[in-house]
Structures are given as C-alpha cells and as structure tokens.
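Just the one chain here, laid out as structure tokens, in the form predicted on its own.
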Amino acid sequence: MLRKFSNSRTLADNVKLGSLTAFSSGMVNVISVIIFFAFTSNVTGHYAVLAEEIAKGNWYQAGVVASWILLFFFGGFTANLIIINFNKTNSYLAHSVPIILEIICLLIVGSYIQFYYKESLVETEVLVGLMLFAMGIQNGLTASISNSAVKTTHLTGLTTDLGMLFSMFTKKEYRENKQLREKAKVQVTIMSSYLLGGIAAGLIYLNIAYNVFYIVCLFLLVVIGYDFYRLRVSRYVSASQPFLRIHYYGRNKKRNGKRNELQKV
C-alpha cells in the first residue's frame, strides 16, 4: 500500500490504501462532530464560515477558522515534503512517517480529551486545529503516492467524479474501458469505507467514549504494519532466490549426469 509510488501502483494497492484510510478519516470526522461540533476531515465548510465571520467583522473567529484552514494546508505540505525528499532513499519510510505523525496528533487529542479536557473554547479550537493538521497529512499522503487517485478525507469531489463516471457508463464503450471501471471501483470503495467509518465511530463512542481515537490509531497502524510485513517477506524471498537457484541447478546437474551415464550404457 505504501511502498509503491505514483504510476507503479496497482488497483489493489489503491483499493487497500483507500479503504483503510477512508475508514479512519470517516471515524475522525464523525467523532469531531460529536465532541466539538466541527468538521475536521475537510475545509470546504470552513471557507464558508471564514467568509461569514469576515463579513460580520468577527476578526477573532475569522482568525481561528483561517488558522484551521492553514493547518490543513500545512498537513498536506508536510506529507508531500517528506515524500519528495526521502522517497528515493527509502520509499516505505518516506510514506510511513506522515502516518506516524498523524497517529501522534490523534493520540495527543485522544489523551488530552480523556485526562485534561474541560470543554473550554480555547481547548476546542486547538484540538480541532490539531485534528485538521492530521487529516491534511493523511490526504496529502494518499494523494501524493497514488498520483491523486486516492483522496480519503472528503467526498465532495469524489461524489462529483462518481456522478460523471456513472453517466459515462450509460454508453457501452465507456463501460468496457478498464481504466474507468478501476477508477470507479476505487472511488466506491473510498465512499463506502468513509461512511462505514463514520457509523462505526458513532457506535463505538456510545460504548467507549473518547477511546475511539485509539481505535483510529489502530487502523492506521494496520496500514503501516501490513506494508512492513510485506516488505520483510519480499526481502526474505529475494534473499532466498540465489540459494534456490543454486540448489535447483545442482539437482538438475546431477539428474543430467545420471541421464548421460544411462545413455552411454
């Protein structure tokens, strides 16, 4: 999911990455609405709120919302900055570090809410900003490594793209287009996972309250752990191949020698 970059990625890579990260972002967005009454997986609505606050002359509120938008921006900036600087050195590490940063942000929010949160306005503003930064990191990461094929923190553009794709599928030549079918599969997966993540967050919150943040981090650890496991397996196989080739060559050489002896007899 994380090791491959841009056009080297397969449909399965994007589906797995999209499903797990969209599920986690759906959980984050719903839990932030429940606790803070604010969306944290996208900034579309925040632009509208920013314009409203500026029009009303509420400069403090406008500054807070503007800082939220900037934090989402810097999340994407940070993720891509790490990728473009370290991708050639170690692609897995370059793609894992942004997720580790996201996990740290969510752990800070979850731990603070569980032990220190007094529901003050300043606390809420800071925690929402931290969650927006985490979601910016995730969206920047998935978009960067998938060549913008996977964006998992908001569904506005995705829903528009799906509407356009389904209209194209009314014609046979488009239905037979493999690339369009694969694109639709990735987007339907992201949309379904995001919705299921939101539903799961609501249900989990009713039972374990703020601990839902730790569940989100667990899903993100699965993303990192899956690729780490695959990387170890692929290295083991690569290291074993020379030995297997020598062993196979030796066995064939013995068989050929016996065959030649029988032919002489």
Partner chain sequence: MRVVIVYLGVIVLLTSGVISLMANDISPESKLLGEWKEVSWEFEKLDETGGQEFWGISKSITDQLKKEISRELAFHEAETWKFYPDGKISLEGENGKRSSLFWRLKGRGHVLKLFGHADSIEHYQIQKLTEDTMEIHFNTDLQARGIVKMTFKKIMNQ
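Residue numbers count along the first chain shown, from 1. Everything quoted here is computed from the prediction, not taken from an experiment.
Although not depicted, the form predicted together with its partner chain is the subject of the following passage.
- Exactly one listed residue, out of Ala66, Leu203, Leu221, Ala209, brings a non-hydrogen atom to within 4.5 Å of its partner chain in the model of the complex: Ala66.
- Scanning Tyr174, Phe86, Tyr112, Phe74 against its partner chain in the model of the complex with a 4.5 Å heavy atom cut-off leaves one residue, Phe74.
- For a residue to qualify, one of its non-hydrogen atoms must sit within 4.5 Å of its partner chain in the model of the complex; all three of Phe36, Lys56 and Trp59 qualify.
- Of the heavy atoms in Thr124, some are within 4.5 Å of its partner chain in the model of the complex.
- Tyr117 belongs to the set of residues with a heavy atom inside 4.5 Å of its partner chain in the model of the complex.
- Within this chain, Ala51 is remote from the site of its partner chain in the model of the complex, having no heavy atom within 4.5 Å.
- Interface residue remark: Leu70 is counted as part of the site for its partner chain in the model of the complex, having a heavy atom within 4.5 Å.
- Here the chain stands alone, but in the model of the complex its contact with its partner chain, taken as any heavy atom within 4.5 Å, falls in 36-44 among 36-44, 211-219, 23-31, 195-203.
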